[in-house]
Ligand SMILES: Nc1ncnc2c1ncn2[C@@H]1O[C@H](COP(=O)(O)OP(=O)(O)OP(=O)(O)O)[C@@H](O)[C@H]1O
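Encoded as structure tokens, the following chain is the form predicted alone, with no partner shown.
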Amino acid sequence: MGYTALYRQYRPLGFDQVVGQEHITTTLKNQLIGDRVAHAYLFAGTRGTGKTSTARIFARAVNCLDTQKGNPCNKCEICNLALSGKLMDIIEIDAASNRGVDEIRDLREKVKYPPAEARYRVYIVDEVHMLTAEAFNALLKTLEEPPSHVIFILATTEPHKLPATVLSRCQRFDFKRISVSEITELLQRVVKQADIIIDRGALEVIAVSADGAARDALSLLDKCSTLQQGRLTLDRVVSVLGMANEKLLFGLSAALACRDAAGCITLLNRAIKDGRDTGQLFKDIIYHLRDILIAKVSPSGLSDMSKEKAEHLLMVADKLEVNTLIRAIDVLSEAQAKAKWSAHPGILLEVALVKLCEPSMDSSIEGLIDRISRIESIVLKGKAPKAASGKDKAPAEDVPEPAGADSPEEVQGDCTVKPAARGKSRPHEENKSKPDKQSGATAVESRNTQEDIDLEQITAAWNKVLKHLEKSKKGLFTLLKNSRPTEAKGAALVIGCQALHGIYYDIVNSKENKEALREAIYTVTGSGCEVVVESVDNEQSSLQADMEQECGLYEEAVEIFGSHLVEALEDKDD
């Protein structure tokens, strides 16, 4: 016999070998142990998650002469016949090629006959959603009340296409996507049995590429294992799969942070010249930016990654705004959808990257917000984010290596630069550290050390501060709508905000958002201060707001009518 694919060689033979579907296999084993087997089942889920394998295991187990805690023994006469495909009482039907009413009528006639060798006659109908409406109608009565010796197992990747009348007659089990860690463990067992030598990082890349499907993971491993004899490295696997490696992805993200359109195009052209698929590049870049976004707003979401990669993502995330990342994902996703129908998808990817580096070319709301952010950076900080150009442009070859590599590059300032030697500073950096004039954020820091803040002034202008945030930092404004200054501690301003718990507290108190709040206060009031945002309960906040409102009304009345008249009215009321 010729070569057998890995996904066929290592197909699970028992419920305990099915990966990632314990909620289903446990239920089926308990039904077999308790002799409470139903007459019709529906297995629904995405490709490669174990639907057909589980159906075959169940068909053997229900007829096995010596079950082992719900699992088939795979040794008795019935199991051996079933494994060799010679058991007449287990019938597999491909509904994609037998979808007409005539085939179903023929099946309906055959179910009347008792099984030839086993206890039950089991019909496994794969891709059942492909049956025609007439075929479903012909199957309904038999599916609802089949003979006692017949069991139906329907498998489909699209359960929403099945009529409700069919769904209501079956016990439905939904197969979930298999996690990356579970697929990696499965691959490790397979490579050990198949004597394939491969790096752990390469297995993780295959597991991620499988997108939750164990069969796809085994197929990709089979493809990579035929590349060469000896050890399979991460670079070789990435090359075979046509994926973008981490060096390319981190280089692109660094170029986007520098707004270096030329660097993005150079890296992209090099990847395409190396044989990278444009569709896969779209997917890899979008997922990479998603990882940076997660590192920005919720670092705990990187727990499944290696420590080195997570640290490098956090370093890059510190140089990119949340709005910029969201806009980048939106722009690339839109370009990806168009590229599926284009004869030149690579050009659409290039245009999308240039648009991200040049917000002036983007007329969307997100592009406008990005341009406004750059103007604010110029006005408030006294400098604009540098776009690499001319001699200052970072060479495309010097892209940052993932953390843990031999010669990593660090992201400093607005662009990616090679790290300087420890304990030494460059001459031009020493000059920069002693500016002649203070401007922007430096001026704010100097005011912090010179004078205390005026709590009353900032409180009176707080609504204007919030309006400024609404224009410049919409997300931060949404979280701080119900906030008020509560206390001044020297050069630090304490701001109380209602219902600010969990992740929202972490977001507001991030370095980026606290800096934006400081800039808003400085722009409106001219007061430079450190800010501390705390959560306050609704009762305390409302009481403080009422007191402030009463004080505001009193001051307004004095200004309009004069203090003597207001005092007279108060005396009269008493």
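Quick caveat, the model's predicted, so the values are computed rather than measured. Numbering starts at 1 and follows the sequence shown.
One more form of this protein, predicted together with the ligand, exists but is not displayed; see below.
Trainee: Only one of these stretches, 318-326, 265-273, 484-492, 215-223, has heavy atoms within 4.5 Å of the ligand in the model of the complex; which one is it?
Mentor: Every other range fails; the passing one is 215-223.
Trainee: Could you work out which of S53, Q31, S527, N513 is the residue within 4.5 angstroms of the ligand in the model of the complex, going by heavy atoms?
Mentor: Answer to the contact question: S53.
Trainee: Taking the ligand in the model of the complex as the reference, which of T523, T46, T26, N509 has a non-hydrogen atom within 4.5 Å?
Mentor: That would be T46.
Trainee: Check E127 for me: does it contact the ligand in the model of the complex (non-hydrogen atoms, 4.5 angstroms)?
Mentor: Residue-level check for E127: yes, a contact with the ligand.
Trainee: Look up in the model of the complex whether L186 has a non-hydrogen atom within 4.5 angstroms of the ligand, and give yes or no.
Mentor: Because a heavy atom of L186 falls inside 4.5 Å of the ligand in the model of the complex, the answer is yes.
Trainee: With the cut-off set at 4.5 Å between non-hydrogen atoms, does S472 touch the ligand in the model of the complex?
Mentor: Contact with the ligand, no.
Trainee: Are any of the heavy atoms in S209 no more than 4.5 Å from a heavy atom of the ligand in the model of the complex?
Mentor: Answer no; every heavy atom of S209 is more than 4.5 Å from the ligand in the model of the complex.
Trainee: Can we say T67, N74 and H149 each have a non-hydrogen atom within 4.5 Å of the ligand in the model of the complex?
Mentor: Heavy-atom distance to the ligand in the model of the complex: none of the three under 4.5 Å.
Trainee: What residues, if any, in 16-47 have a non-hydrogen atom within 4.5 angstroms of the ligand in the model of the complex?
Mentor: Sequence-ordered list: Q17, V18, V19, Q21, T46, R47.
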